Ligand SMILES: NC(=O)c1ccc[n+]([C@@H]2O[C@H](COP(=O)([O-])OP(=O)(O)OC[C@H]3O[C@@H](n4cnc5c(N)ncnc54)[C@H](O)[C@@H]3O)[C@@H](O)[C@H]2O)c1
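Before any questions on how it binds or moves, here is one chain, the form predicted on its own, in structure tokens.
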């Protein structure tokens, strides 16, 4: 049984606590929470766990093998670093860190100490994304030429990060998981409407090699909640709508066929439209966070590499950092090689 120490019992912490407590592979041994009311709630809900405000003391407790961090991103680096130095494996909430430099330092430390870092990119463990990954790997879509994503809602305004750091990691991690490569460059524009210089709406444009582009719209000021992810391939296309109660993933056998003209019409291009069936594949059922917790247990026990490891976390943070730099320079193109 793996002893878990959970840091943070605010917004996301209770979901993590519930899933880790429910699995036979784990014992929720301790919870560290600074807010007295939230700490009291943690004690009430999990009476067998030691509840403390002293993180250093929790790291010294017997029977704790891994630390799960659900705190603001500004604290991720120091908390993760301390856990690794204490010989613990770590699962840290997204985004991994504030900067790529912090992420690289933690990855190096984990590799030196033989510890595992997993980043809580929960959507990678959904049945929808697992199915899309399988279809991409099987070549069902052909060559992917674009990705277009909308993740908007009347959101929870945050004081330490903007909407890019809050919402974009979900779609960036899905994109990284599907493509298994980093973009070449990033452009972004955004605006703040709360008087605090923290962007609450933003548009990200990513360039990849082979003329592939990806576009992401994130927004805390939408009157409706939209979770829409579109993948365009040369053979088939996928629409992933996470707000649908069923048929979240639809595969369309649609596209275009480009034919070159003859010698007399050398500069003309003929476009035919191909329209086939739409298929909604059956998706694996299960709460993504529970699947992720089971996967983390497997990684701790066998020392295998997590799907959403520190390197994936770094890839996402590099794009976030580039996007933030682009916003501050009025949408300038930022090459990832500079991050």
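Residue numbers count along the first chain shown, from 1. These numbers were taken from a predicted model, which means no experiment stands behind them.
Although not depicted, the form predicted in complex with this ligand is the subject of the following passage.
Using a 4.5 Å heavy atom cutoff, 11, 34 and 72 all lie near this ligand in the model of the complex. Taking 122, 149, 187, 219 one by one, only a single residue has any non-hydrogen atom within 4.5 Å of this ligand in the model of the complex, and it is 122. When this ligand is considered in the model of the complex, only one residue from 290, 305, 311, 38 comes within 4.5 Å through any heavy atom, namely 38. Screening 101-109, 129-137, 199-207, 76-84 for residues having heavy atoms within 4.5 Å of this ligand in the model of the complex returns a single hit, 76-84. Within this chain, residue 93 lines the site of this ligand in the model of the complex, having a heavy atom no more than 4.5 Å away. This ligand in the model of the complex is approached by residue 170, whose closest heavy atom lies within 4.5 angstroms of it.
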